[in-house]
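What follows is one chain in structure tokens, specifically the form predicted alone.
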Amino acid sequence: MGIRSMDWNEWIEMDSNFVRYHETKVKQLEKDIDAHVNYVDNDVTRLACFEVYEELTQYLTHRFPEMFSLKDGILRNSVTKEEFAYPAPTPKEAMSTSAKLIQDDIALMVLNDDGQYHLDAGAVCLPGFWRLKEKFRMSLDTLHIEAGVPHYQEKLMKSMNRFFARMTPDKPVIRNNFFIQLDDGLHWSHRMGDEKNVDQVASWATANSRDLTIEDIHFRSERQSLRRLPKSGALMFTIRTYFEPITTIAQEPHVPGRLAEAIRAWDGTVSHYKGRSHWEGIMLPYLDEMHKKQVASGALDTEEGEFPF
């Protein structure tokens, strides 16, 4: 699963891209809030939605007091000048407001009567190429199997279900992944499929890599945190996307060589899942050339940083 323990000081990360992410989220929510925010209307999930807003408010006002403040039932963001009612009047407003507070998307997994955790609530504005309605109410296993996550059933399913069941509120974890994207769409990759065609599930099968250039290709990495909420018992995911052109990250010492090495180590299942055939002919030669330049320039004489960088 690639998980590691999370320091509470690192639960939510803020950076100079906050306004860009925020404006993109607000635009999506204003365009169609129901497409991006939803929850199952039962006692546990309603409580979990309110709890997300409560936990984020308490965290952000203490971790980033120069940006967030709470007074007389009003939560204020000094950067965007927004003011939000606290507590929120409805679960949907709790989730939509939470989405506006951070750069992350939010997903709540709730234990159902079938003994499985299901995606029963979410505020998802920057998914890349999937829609909340496509995955809403799916179980943990179905989410991974339908997405074609490599080796899930034979290697990950039992351990992941066991891990979810045993999680306690005091032991949050984080993990990182990465994808290669064919365009610069933070909230939706237009080369993966038509965002407006809600009846079509976007995937590599619908991807268009025609006339692709190295300048089009972006590195998309998700930093996922997972914690159990203490009141509702729901499991809360935050999904923070880091999104940069390949031509930008390839300027970093060691990155081109390490990235090319990692990609070439993928087996056929992983390569298919990550759409390697769509971009490898352009990106791998570019990474190899950048690596050669770094070797020649002495850039690799510096010590390589620890993961995560």
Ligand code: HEM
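All values derive from a computational prediction rather than experimental measurement. One rule holds for the numbers: they count along the sequence shown, beginning at 1.
Missing here is the form predicted in complex with this ligand; even so, the following discussion is about that form.
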Spell it out for me: taking this ligand in the predicted complex, does every residue among 140, 144 and 179 have a heavy atom no farther than 4.5 Å from it?
yes
Considering this ligand in the predicted complex, find the one stretch among 97-105, 169-177, 73-81, 205-213 with heavy atoms no farther than 4.5 Å from it.
169-177
Among 126, 234, 88, 119, just one has a heavy atom within 4.5 Å of this ligand in the predicted complex, namely 119
Can you work out which of 229, 111, 186, 160 has a heavy atom no more than 4.5 Å from this ligand in the predicted complex?
160
Does this ligand come within 4.5 Å of any heavy atom of residue 6 in the predicted complex?
no
Taking this ligand as it sits in the predicted complex, is residue 135 in contact with it (heavy atom to heavy atom, 4.5 Å or less)?
yes
is_contact(residue 50, this ligand) in the predicted complex, heavy atom dist at most 4.5 Å:
no
Does residue 242 reach this ligand in the predicted complex if we count a contact as any heavy atom within 4.5 Å?
no
